[in-house]
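Below sits a lone chain in structure tokens, taken as the form predicted on its own.
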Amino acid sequence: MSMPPSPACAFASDNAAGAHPLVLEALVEANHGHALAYGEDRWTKRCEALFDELFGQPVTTLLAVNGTGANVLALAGLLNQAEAVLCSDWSHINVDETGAPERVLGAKLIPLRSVAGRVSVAEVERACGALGNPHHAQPGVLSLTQSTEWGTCYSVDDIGALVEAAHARGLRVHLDGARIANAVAALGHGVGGLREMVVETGVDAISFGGTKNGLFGAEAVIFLNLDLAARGQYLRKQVNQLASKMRFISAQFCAALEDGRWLDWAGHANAMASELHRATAPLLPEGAIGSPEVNSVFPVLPSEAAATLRDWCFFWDWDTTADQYRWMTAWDTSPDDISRFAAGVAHVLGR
């Protein structure tokens, strides 16, 4: 019996998904005529107003062209000289950005031990033992990732406790929100959940992801602490994130933020991950795949089976020491994609 038709790389990453049709429509509309560059256009003004509305207060919005650049820009605005960034050992800035924060900013990253991607107050306190020691880089920023690289979420109380611990020691707090939409959708409180998670806890700046949630190369750095945003417009240019034709980034965010679409798209991705789990868990040994919190699952597979399955429908390694992999859903994942993928898993595992 042959393998079913492959869904290609439908479960490789939400980064592999295309742009939402409404985003493409917004780009086409923004393409008519001329508009001033570097954000002096009506789309950017509308985008900034929508972010103010989203967070329920005035914020400083700095649009960026990619996630690594957004993180570097956010950290640049929060760091002082001779300071370091505390982050999870699994964080994107530590593992997957080719040392960009350290090279571009000249700031040391101090990875903290994490459990399922989440760091604890105790780990932050331990790392802050370097404060006051002139021989050690001084912890100046705590960077959290929501949702984490392991598809887990910090609770609002978790974030509040971490922010409190950081602020008590003079640190500023950055949230890498490349998948913030999925975390907010999982919380289930709508826009109010975002404000609980970020505003009420006292986070200073957030990298607000768009590219992984139906946009086409669009990210934003949001400074909630306006006192720390004063140099932002200059830093954005310095770290190569100032887009000339910014209207094309702004128009995408307008399409996503209007009518709460960004949450609808992320909610669909989360729901499809739950469907993926339901379809494949009975095919795997008990305990080989956990229930998802957001839009990713991490199955443990025999390496030979994983190689065969990946040749048919590509997905990424995650923890090679444990034969663990990542399957991820997106705004455009369909039930048919899941059915075909589950049929492929069943075929490869002889189930």
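Just count from 1 along the sequence shown to find any residue number. The structure displayed is predicted, hence computed values, not measured ones.
A second form of this protein, the form predicted together with a further copy of the same chain, is not displayed here; the remarks below concern that form.
Close approach of V115 to a further copy of the same chain in the predicted bound form, 4.5 Å, heavy atom = No, V115 is distant from the partner.
Please check if V72 has a heavy atom lying within 4.5 Å of any heavy atom of a further copy of the same chain in the predicted bound form.
-> Yes, contact at 4.5 Å.
Hey, in the predicted bound form, does V28 get a heavy atom within 4.5 angstroms of a further copy of the same chain?
-> Result yes; V28 sits at the interface with a further copy of the same chain in the predicted bound form.
At the 4.5 Å heavy atom threshold, is E149 in contact with a further copy of the same chain in the predicted bound form?
-> No - in the predicted bound form, heavy atoms of E149 and a further copy of the same chain never come within 4.5 Å of each other.
a further copy of the same chain: the contacting residue among V239, C153, V124, A229 in the predicted bound form [heavy atom, 4.5 Å] = By the 4.5 Å criterion, the partner-contacting residue is V239.
State yes only if every one of E48, G129 and A161 has a non-hydrogen atom within 4.5 Å of a further copy of the same chain in the predicted bound form; otherwise state no.
-> No, none of the three is in contact.
Within 4.5 Å of a further copy of the same chain in the predicted bound form, counting heavy atoms only, one of 272-280, 209-217, 116-124, 185-193 shows up; tell me which.
-> The contacting stretch is 209-217.
Heavy atom within 4.5 Å of a further copy of the same chain in the predicted bound form: which residues of 299-318 qualify?
-> F314, W316 sit within 4.5 Å of the partner.
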